[in-house]
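Okay, here we've got a single chain as structure tokens, the form predicted alone, with questions on binding and movement later.
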């Protein structure tokens, strides 16, 4: 099944998943959502950290990884991304994100080999994994988690207590998980495994999002 290119309200593209029947990003603005949820409320909390390790669930269009690459040129970043339904290179080449100046550089996100670390830039190493994250053994090595899976009613296995416990254990003390979803069941599951939850303003078209913090002590 091929995905469909959709123009969102801020002028940037998202995709409509034919398999799941939902959009990869907010129709109110793909770029706005990524910048607000994952960069402003997640990445910028670590902007002065010299070395940063990030985990993303839901690599999708590569937008979160691309924006992170652009924002962290004074940091060393190790970025691990899980995606079980990669998009085609042909479709990736049609995405119109404003920050894409060199299309070939953006496409390297999609053309680089799965399962093998790839140095996308001098400061940025990407490891893409074509495995379900819930079946993968994570190490305790991450500062920040971008949880960008499809919604809980579509991919419930990616929003349960078991996976959130794995996330919690994989984060360094003081680490953060950010997600666009602020549903009560998700908040409670995160709290049950030890996260301290902040319900904060969401991006355009969404009232709230969540930031989950792993206590330092």
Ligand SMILES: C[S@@+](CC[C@H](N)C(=O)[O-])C[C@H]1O[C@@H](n2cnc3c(N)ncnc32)[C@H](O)[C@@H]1O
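Just so you know, these numbers come straight off a predicted model, no measurement behind them. Residue numbers count along the first chain shown, from 1.
Separately, the form predicted together with the ligand exists; it is not shown, and the next lines address it.
**Student:** Even though the ligand is not shown here, does residue 60 get within 4.5 Å of it in the model of the complex, heavy atoms only?
**Tutor:** Result yes; residue 60 sits at the interface with the ligand in the model of the complex.
**Student:** Does residue 148 reach the ligand in the model of the complex, with heavy atoms at most 4.5 Å apart?
**Tutor:** Yes, contact at 4.5 Å.
**Student:** Answer yes if any heavy atom of residue 133 is within 4.5 Å of a heavy atom of the ligand in the model of the complex; otherwise answer no.
**Tutor:** Residue-level check for residue 133: yes, a contact with the ligand.
**Student:** Under a 4.5 Å heavy atom criterion, is residue 186 part of the interface with the ligand in the model of the complex?
**Tutor:** Although the ligand is absent here, residue 186 would stay clear of it in the model of the complex, with no heavy atoms inside 4.5 Å.
**Student:** Heavy atom within 4.5 Å of the ligand in the model of the complex: which of 88, 94, 111, 85 fits that? Just give me the one.
**Tutor:** Selected option: 85.
**Student:** In terms of non-hydrogen atoms within 4.5 angstroms, which of the given stretches 155 to 163, 187 to 195, 170 to 178, 41 to 49 touches the ligand in the model of the complex?
**Tutor:** In the other structure, the partner sits against 155 to 163.
**Student:** In the model of the complex, do 118, 124 and 143 all put a heavy atom within 4.5 Å of the ligand?
**Tutor:** No residue of the spot touches the ligand in the model of the complex.
**Student:** Going by heavy atoms, what in 22 to 58 lies within 4.5 angstroms of the ligand in the model of the complex?
**Tutor:** Read in sequence order, the residues that approach the ligand (within 4.5 Å, in the model of the complex) are 24, 25, 56, 57, 58.
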